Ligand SMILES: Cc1cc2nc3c(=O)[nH]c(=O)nc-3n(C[C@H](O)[C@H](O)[C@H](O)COP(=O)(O)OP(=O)(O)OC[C@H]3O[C@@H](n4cnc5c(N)ncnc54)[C@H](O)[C@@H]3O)c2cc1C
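Before any questions on how it binds or moves, here is one chain, the form predicted alone, in structure tokens.
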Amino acid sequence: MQEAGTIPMQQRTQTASQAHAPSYYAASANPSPMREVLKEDITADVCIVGAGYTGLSSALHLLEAGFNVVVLEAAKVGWGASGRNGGQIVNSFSRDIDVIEKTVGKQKVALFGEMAFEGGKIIRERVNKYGIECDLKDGGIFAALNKKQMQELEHQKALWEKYGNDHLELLDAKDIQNAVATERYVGGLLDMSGGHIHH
């Protein structure tokens, strides 16, 4: 019998070709037990294919909304991109908000601004609510090698603050040296809404 609040996951027997690529993350991850192989017909409101971060997050949202959800995974939980992305929590999109504004306009860009910083909030809420042991570390640094890059980070800070990220701090040469133990950078931008997780 399925326990309340759990998501049934079915997967095939793992083969050698489905083993994680050798990496620090694969070698030091929390144990992820093999799940039962799907052998019979099952019925669900929603079937999600892939037990990566996106699939599992979607399943949790749907489950909380009262849907009967099943997750299918061909290998292991977090086997693909989720298990190889380095666990970085980084805000924004592939293009920043000022670039997006040129396409969608000033009225619609506010929604993109909210979405840019929503992911980290969702991750932290899930970690707290479900007691996920993922070595969550708050904070990420964007480092500047020269004065021009530092000016770009100053612009970045002002832009992100305009859209609600109030967890930003500019670092001078001494501050960033203390943070990353190198004299290579002239400064940086610390984003405490960013961070790192490890499953």
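As the structure is a prediction and not an experimental result, all values here were calculated from the model. Residue numbers run from 1 along the displayed sequence.
As for the form predicted in complex with the ligand, it is not shown, yet the points below apply to it.
Visitor: Can you pick the one in Ala81, Ile122, Val99, Val104 that has a heavy atom within 4.5 Å of the ligand in the predicted complex?
Guide: The residue from Ala81, Ile122, Val99, Val104 that makes the contact is Ala81.
Visitor: Quick one: does Gln151 come within 4.5 Å of the ligand in the predicted complex, counting heavy atoms only?
Guide: Flag for Gln151 set to no.
Visitor: Quick one: does Gln88 come within 4.5 Å of the ligand in the predicted complex, counting heavy atoms only?
Guide: Taking the distances in the predicted complex, the answer for Gln88 is yes, it comes within 4.5 Å of the ligand.
Visitor: Test of understanding: in the predicted complex, would Gly50 fall inside 4.5 Å of the ligand by heavy atoms?
Guide: Gly50: contacts the ligand in the predicted complex.
Visitor: Even though the ligand is not shown here, does Ala74 get within 4.5 Å of it in the predicted complex, heavy atoms only?
Guide: Yes, Ala74 lies within 4.5 Å of the ligand in the predicted complex.
Visitor: Please identify, from 65 to 73, 162 to 170, 27 to 35, 138 to 146, the stretch that has a heavy atom within 4.5 Å of the ligand in the predicted complex.
Guide: Within 4.5 Å of the partner lies stretch 65 to 73.
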